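Shown below, as structure tokens, is a lone chain in the form predicted alone; questions about how it binds or moves come after it.
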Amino acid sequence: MSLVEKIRNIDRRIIFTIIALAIIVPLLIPVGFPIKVSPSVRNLYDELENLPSGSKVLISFDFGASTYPEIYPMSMAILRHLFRRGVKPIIMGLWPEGVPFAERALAVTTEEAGKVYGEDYVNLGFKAGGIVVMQALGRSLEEAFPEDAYGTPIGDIPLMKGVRNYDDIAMVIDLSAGDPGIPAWVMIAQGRFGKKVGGGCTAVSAPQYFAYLQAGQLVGLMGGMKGAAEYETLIKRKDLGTAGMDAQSVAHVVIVIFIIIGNITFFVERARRGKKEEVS
């Protein structure tokens, strides 16, 4: 059997195994390919970098398990940046699945930074209602969230002293996978109450939000896993986003190699068949 025939008849399970290894190995041992930072991600970074220490930023975790690989790394990068700058995040979620992911991200980042609950950060928990909740936050944060995620009255939490509504928050960041998400936050927090809004979303939905960036209604945007990797590059803390991009890049290279090999064997086989037909 010739080499071409061996390649043509290769067991597809071998191909699946190679693809799996191309994804798993870079996830476990990140390569750290160079990441070019886009203007939309740098703008978001610059906005947070320029906030005075002690500022309060509202972060809404509005995504679920299906978009976890893309958006969760963004949350880790944003929280690390805020804690490093001494900015105090106020966490909430309009999606019920978002709050457990917030808990997970906070558990890691607050331990790294040595932050104290109630003084350096707060978790308000989940609230159903979408745009109604956003409007209520503009009137009174305590009206929308009388208690935090653990049942403590807002008035008893040191970080929340003097935080009445959007006026006492420096910026809103929405980590969004759909509705309610970035369009609603732009419409209410930015459009009605004049608050700066930044965001992170899946790669497939990012193009529709570029119009908000161009209109100045979004100060910055992270799109998909690449956006998370770009932010990790800016804060010089490579983590899940960078590893994910490594795995994606290596897998793409392997797939392209398989496509090239497949095409070469096809043309070689066709040439051989042509010669046999001429001889006969």
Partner chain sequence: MKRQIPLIITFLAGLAMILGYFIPHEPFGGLQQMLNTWYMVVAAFAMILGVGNLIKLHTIKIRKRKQGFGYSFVLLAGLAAMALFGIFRGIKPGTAFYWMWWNMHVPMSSTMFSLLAFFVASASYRAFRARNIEAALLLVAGILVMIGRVPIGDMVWSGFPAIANWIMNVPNTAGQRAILIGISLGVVSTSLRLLLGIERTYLAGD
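Predicted model, so just to flag it, every value in this text is computed and none were measured. Heads up, when I say rigid core I mean the largest set of C-alphas that superpose within 1.5 Å between the two forms. Residue numbers count along the first chain shown, from 1.
This protein has a second form, the form predicted together with its partner chain, left out of what is shown; the following refers to that one.
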{"property": "Answer range among 128 to 136, 162 to 170, 111 to 119, 73 to 81 for contact with its partner chain, defined in the predicted bound form as heavy atoms within 4.5 Å", "result": "128 to 136"}
{"property": "4.5 Å heavy atom contact, Q214 to its partner chain in the predicted bound form", "result": "yes"}
{"property": "In the predicted bound form, A271 touching its partner chain (heavy atom, 4.5 Å)", "result": "no"}
{"property": "Its partner chain contact in the predicted bound form: K56, any heavy atom under 4.5 Å", "result": "no"}
{"property": "4.5 Å heavy atom contact, I261 and its partner chain in the predicted bound form", "result": "yes"}
{"property": "Stretch 33 to 61: residues contacting its partner chain in the predicted bound form, 4.5 Å heavy atom cut-off", "result": "F33, P34, I35, K36, P39"}
{"property": "Per-residue C-alpha change between the shown form and the other one, G220, threshold 2 Å, rigid core fit", "result": "no"}
{"property": "Exceeds or equals 2 Å, Cα of S249 between the shown form and the other one, core fit", "result": "yes"}
{"property": "Change in CA distance between L27 and L106 in the predicted bound form, which is 3 Å or more, as closer or farther", "result": "farther"}
{"property": "Distance trend in the predicted bound form - C-alpha atoms of V31 and L106, change of 3 Å or more", "result": "farther"}
